[in-house]
Every structure is written in structure tokens, then in C-alpha cells.
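Here you get one chain, nothing else, as C-alpha cells; it is the form predicted on its own.
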């Protein structure tokens, strides 16, 4: 099976390429990697993406590229819709027209986060985004679904949340840097306590996606399946910060504060928990704390290099 990955320089894209290179179904055919200048989300069309498909003939396309700056999305909603919504629709049209399977990455931010029953959002729950990033991602899901109606190919939508992992500059790295600054100033570290989600390690997510791609499915042509892929467990941003600092042995008090403490361009969903969907193997993704232990060596190197 030949798989093409869109967005190979991103956090998830590079993890996915590494996982695909080790996948048993890859054989002697390495994954195809697409990014700039071959693919520009501001200008991609069904025709231009179709030319890439006709050149390389992948059987599956995994689209990981996105503009993930949620505050930037909020400041420029039209650009957000173009990059995170319309571009996905164009890619989907090209794949659907050729019967090529497509897997797109979506987000917990397609939901409003207003749930109060303690349950995670399920794949069948109706999206209701409250910010431009979530609106664009919900549009991508809708446009891709419309494109695959009647296609010989199959569409998979993978929603995930709170990604961390190589190459760093993620929430754990930023929290560690902030904690060392506040420690130097003799102050506590204030972190949002009312925003809850599931930290998800990109290498684990990549392995789960490879499992989905490499498993024969009875899904018929033109079908659309939605998967929620996150590590196990849940945490507030403050809980996550405490775990990061505990593992790094950085002695700084973490004080819970409401998300409203800071003025931001974007409004995140306060309840960002996704209900995980079963993988074909039946083995769930491990708890995020266990996954974070694997991320620690690289995080320590990143901190030491500053």
C-alpha cells in the first residue's frame, strides 16, 4: 500500500512518516511526503492536487497539514477558512474523483465545550464550534463528506486534541520555560484550571492512524467514518502543568485560574474531552501520563539547550 502524507514538516506529519516507514504494509515503498512548495493551502485546488495524485498514484492520502495557530485563526477568520476548510474540500474532491481513500485530521474544537455531564464528545455528537479554528475544521469535515458521496474511495475523519511531542515548542516546553521564569521571580505559575481535555502524544497518534490505514475494512465505497483518537485520561491545563513540572523536578507552585483571566483572540472550548473510539486491534491508546514519560528525554534536551 502506498500512502501519501500532506504536511510532512508538521508535528503530526513527521511522526506519521516515521510510523509509516516501519509499517508492515509499506514494504519497499516508502510513504510519499508532500509539503511546500508542492502544496500551498492558500492556493491548492482540486485540479492542482489531482495533478499530484496522477503523478504519484497513492492508494491513501493522509492530510495532516493545518494552520493550528488558533488565535491567528481568530484574527483572520477568512484565511482560517481557506487553509483549514476550503483547502481540505479541494483535496477531498481530487481524491474522491479518483477513488483514492482520504484520512483528514480534525479537532475537539468542532465542539463548543459546554457539556456538563462529564462525558466525552462522541463521534455522533453534532459539531457546534465557537471559534474560527473550530468553524473551519467543521467546514472541512462537511466539505470532505460531501465530496465523497458516491465516490469509489472512502473518507476517514480523525478528531484529536492537545497534541504534544517532537520537535518541541509545545505545551510542556512552554510551561517549563514559564515555570523557570516565575521561579526566578519568586512567584507562582498561574495556569488555566477550567479548560479540560486529553493531552495526546503525536507518536502514539501516528501509530493509531497507521493501524487504521493498514487494517482491511469492510466499509463500502463512498463511506465516511469518524474516529476520536486521543491518549487515555483527561486533565485540566493546570493538571497537565503540574505533571510536567513534577517530572522535571521544577519546584514551582501552580495556581488554578479561570480561562477568562487572559484576554485571547480565540475562545477555546472549556470541555474539550473526546470519547475515544476503538482501534481495529481493540487495544486503546495508553494514558497520557505514560506517553508523557516517553517525551521527557527530548523535553529535557530542549530545556537544556536554552
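Just so it is clear, the model here is predicted, and its values are computed rather than measured. Residue numbers count along the first chain shown, from 1.
Another form, the form predicted in complex with a small molecule, is not on view; read the next lines as being about it.
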Subject >> Interface stretch in the predicted complex with the small molecule - options 36-44, 250-258, 50-58, 263-271, non-hydrogen atom within 4.5 Å >> reply: 36-44
Original post:
Is residue 244 close enough to touch the small molecule in the predicted complex, meaning at least one heavy atom pair within 4.5 Å?
Top reply: no
**OP:** Answer yes if any heavy atom of residue 162 is within 4.5 Å of a heavy atom of the small molecule in the predicted complex; otherwise answer no.
**Re:** yes
**OP:** Report whether the minimum heavy atom distance between residue 107 and the small molecule in the predicted complex is within 4.5 Å.
**Re:** yes
**OP:** Give a yes/no on whether residue 298 approaches the small molecule to within 4.5 Å in the predicted complex, heavy atoms considered.
**Re:** no
Original post:
With the small molecule left out of view, which of 228, 154, 83, 234 would have a heavy atom within 4.5 Å of it in the predicted complex?
Top reply: 83
